[in-house]
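Okay, here we've got a single chain as structure tokens, the form predicted on its own, with questions on binding and movement later.
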């Protein structure tokens, strides 16, 4: 896939917000007197358009430029920006290197990246080298070297980098995070997490050719979308703050379903039906930490099944299991689960107490609302984010680790330490150990 192709492929945009609401945003921004945050946005398909709308709804945000090689996408984005702030952004869509021109602008503070994953690291690195802060869609990248380069570039330039991992901001995830920090479950020592979501509809374009995701599944294998699952349990277990992932081992089922899907859809003798995909249906990874804790990470985007994202955190006093609820050991209680709602009032996060109504309209269980807002505040305050480059690299590298393990009969693979040993000090990220 060349540079032009990475942006040409994107799904259609979400339905437009009401004209009255968009037209009022610019006036609201001026009235607040907040420090402006000037953005460039790259990748304006379905996901990028959604993030664009959320960013424009934050007081003080000005979108100065948009970049996408699909003319329909960029025209739609420009219209949305025009309605929101009263002026059109500069459009970058004519040449494969237009992105490079956009990030060199001196009227942009940060870049929001919502392209296919292949371009996340290269674009983030280029933006930071041009002096821009970065908010990147997930995962941060695929390959070991590019993730090392991402961390090194962030450290060398002093720019801020945030991974826009929205699942961390869901209400139940943040409630459990508060419960863990309060010691409700005791010392956490085991966790389970999974991303199980039938995404076969993403394999082919409307003309029957492979989409970027289909091309990836045909040629690659491993746990390639780990951050939705790993993000929450990593924060619950305070990884990279006194402990870190040390090594892992992975197994994968042999590919079956994707070929059956293509044959059923296009026929056994079709070009699509003859593709042998490398990605199997189910990938299971066991992760061991330096302090002797264990995490199970499961991944399946190919099987015919309803979407489910289970999480579990076990501690010395009890556990949370999203499939069952909360259990805290008490004298005479017996084996009885409590609903998480029982603990909501006491441990609900301040974000949700204040902005639940707005967040619930934003998508992904409200996570999109808070992730975008934290990104904007990172830029506005010039501060390190809760989900920083070290978390981004540590979670994303699990694809590379799982692939290496599967390719070598599930051998143990060391998980790189992107913090260069700083994880040993539990307080080394004291300034960004919680959301903005």
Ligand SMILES: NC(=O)c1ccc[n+]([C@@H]2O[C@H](COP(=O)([O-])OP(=O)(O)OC[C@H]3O[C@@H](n4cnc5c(N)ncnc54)[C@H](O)[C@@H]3O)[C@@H](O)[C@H]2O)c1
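Bear in mind that the values here come from a model prediction, so they are computed numbers and not experimental data. Positions refer to the first chain, counted from 1.
Absent from the display: the form predicted together with the ligand. The rest refers to it.
Student: In the predicted complex, does residue 364 have a heavy atom within 4.5 Å of the ligand?
Tutor: The answer is yes: residue 364 has a heavy atom within 4.5 Å of the ligand.
Student: Residue-level question: is residue 40 within 4.5 Å of the ligand in the predicted complex, judged on heavy atoms?
Tutor: Because no heavy atom of residue 40 falls inside 4.5 Å of the ligand in the predicted complex, the answer is no.
Student: Can you tell me if residue 222 lies within 4.5 angstroms of the ligand in the predicted complex, counting non-hydrogen atoms only?
Tutor: Output for residue 222 is no: heavy atoms all beyond 4.5 Å of the ligand.
Student: Check residue 119 for me: does it contact the ligand in the predicted complex (non-hydrogen atoms, 4.5 angstroms)?
Tutor: Within the cut-off, so yes.
Student: Assess the spot marked by 46, 69 and 137: is the ligand within 4.5 Å of a heavy atom from every one of these residues in the predicted complex?
Tutor: Verified in the predicted complex; spot residues all in contact, yes.
Student: State the residue from 96, 86, 158, 267 whose non-hydrogen atoms include one within 4.5 Å of the ligand in the predicted complex.
Tutor: It is 96.
Student: Sort through 319, 179, 287, 114 and report the residue having a heavy atom within 4.5 Å of the ligand in the predicted complex.
Tutor: By the 4.5 Å criterion, the partner-contacting residue is 114.
Student: Which is the contacting stretch out of 231 to 239, 309 to 317, 181 to 189, 162 to 170, given heavy atoms within 4.5 Å of the ligand in the predicted complex?
Tutor: That would be 162 to 170.
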